[in-house]
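Listed next as structure tokens is one chain, alone, in the form predicted alone.
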């Protein structure tokens, strides 16, 4: 056999044993008379020792020809190290090498295979198979594996059945853009890759499989960010005969299980926050509640005082940064420049310093005297030493800008501790969103989300006021998962399609199979899907999901390693009927 042990398992218990190891040459240290070689595999590093005074000179010559990343097999005796390295499991031993065999040489890698590599991201993505040799990525993929296994263990233990659903499905008009696949055997027709197994898991509920899950690939043709990829993985789940609390309790249990098993953290009961409160107090439907700085609206206090910026604003709102009253002009100017960035979108920033001596100084002293500014500090429950930061403008745009400023201040003040986890459920989302450009409603989640039972009647009179039986799981300001109780009544689903602007013919063409299934005894059901890549990065304390995906795409959706997407031959295009055939 190639090896008797891995490079991560030998200890003093193996002292004096004869072993065979295989791996990659990490580094060689020639100290003149003594050579040490670090041999690496997936499991760790073992130090090899070559004493020039006691081994065959040909072996020393052979060692001196080796380079980094050579694949070698060695035989030798386990001995105790004189200079121990207690930072690694094998740090108390080394191998006195008797023979070495090169299994495959290596060219000099384009970057160093070290934790602190000298390779840029694009270069490392091009040589991803080399990047994956680094410890940081090995740890990330091992974490992903652990989360996958523990997810399956938990869901299996509470009665869920894993069922695979198709990848070649029908394109639907709602949501993000589909990736489409031409059908050779059905000229002019296309499959779509699934953005979610949504309709299939509902069909499984109708089929009687009352607890379904799947760790599944999904696909969305959308612009990419650090937390998005064109292909991503979901923990997709559905349950029958449940209400919202049943779903929340079940999957709160899953997340608690994962934190306990993977990180040995006992999480408290997850609070529930109304969507309306999340927007009012945090300006986001995924609030980071590791710290305070809740929004305070000032409309009633500041308007009609001659300050046009406030008088013309739909919303005047701010946050209180505790202990920041001594910020310099340079620091407040930096914050002003931050909120005026195009991606943030505010037109400016007003500040009020509640000084330690009790005096109040602001950037709008011309319009508001100290007595009026005291009303501001009272509204915030501010204390001497605090700094008020206020923005104004159109409501949604202003909420978004202040949300970003709040997060920026949280980071500057060290309040967004990656070691602290603050999960919560955001509930009671709006069912619909009005789009001015198209002049119609769109589903906030998807067309199969049920309205709150007490709001069903409003569908006829005021659809925009209807709340959904929907919920998102948020951890540290990141949406980890979301779901809803589904519509299971054919008449209500038809009404929903009509509100969304579908004609009867369009609804039948797109979703006739589901509507037909509703006629045969659909149970009440609901579910949730977790972004598995985001969950992994959250557990790993990273903002990017790429390190937790073995072979990710770059920001342009390209796999620079295999150079995809790529052009295909005219013959293939002809077979797929995608170009006009020559006469």
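What you are looking at is a predicted structure, and each value in this text was computed from that prediction instead of being measured. The term rigid core refers to the maximal set of C-alpha atoms that superpose within 1.5 Å between the two forms. Numbering follows the first chain given and starts at 1.
Below, we turn to the form predicted together with another copy of the chain, even though it does not appear here.
Novice: Counting any heavy atom within 4.5 Å as contact, can you tell me which stretch out of 28 to 36, 537 to 545, 41 to 49, 57 to 65 lines another copy of the chain in the model of the complex?
Specialist: Of the stretches listed, the one contacting the partner is 41 to 49.
Novice: Heavy atoms within 4.5 Å of another copy of the chain in the model of the complex: does residue 164 have any?
Specialist: Contact with another copy of the chain, yes.
Novice: Is there a heavy atom of residue 11 no more than 4.5 Å from a heavy atom of another copy of the chain in the model of the complex?
Specialist: Flag for residue 11 set to no.
Novice: I'd like to check something about residue 503: if you look in the model of the complex, is any of its heavy atoms closer than or equal to 4.5 Å to a heavy atom of another copy of the chain?
Specialist: No, residue 503 is distant from the partner.
Novice: Since only the chain is shown here, I'm wondering whether residue 414 would be in contact with another copy of the chain in the model of the complex (any heavy atom pair within 4.5 Å).
Specialist: No, residue 414 is distant from the partner.
Novice: Consider the chain as shown here, without its partner, and state which of 188, 464, 271, 358 has a heavy atom within 4.5 Å of another copy of the chain in the model of the complex.
Specialist: If I apply the 4.5 Å criterion carefully, the residue I get is 188.
Novice: Another copy of the chain isn't shown here, but in the model of the complex which of 114, 221, 333, 408 has a heavy atom within 4.5 Å of it?
Specialist: Going through each option in turn, the one that passes is 221.
Novice: Could you list the residues in 540 to 579 that come within 4.5 Å of another copy of the chain in the model of the complex, counting only heavy atoms and keeping sequence order?
Specialist: Read in sequence order, the residues that approach another copy of the chain (within 4.5 Å, in the model of the complex) are 550, 551, 553, 555, 556, 557, 558, 559, 561, 562, 563, 564, 565, 566, 567, 568, 572, 573, 574, 575, 576, 577, 578, 579.
Novice: Answer yes if the Cα of residue 11 shifts by 2 angstroms or more between this form and the one not shown on a rigid-core superposition, and no otherwise.
Specialist: False for residue 11: its C-alpha shift is below 2 Å.
Novice: Please say whether, between this form and the one not shown, the C-alpha of residue 572 moves by 2 Å or more once the core is aligned.
Specialist: Yes, the C-alpha moves 2 Å or more.
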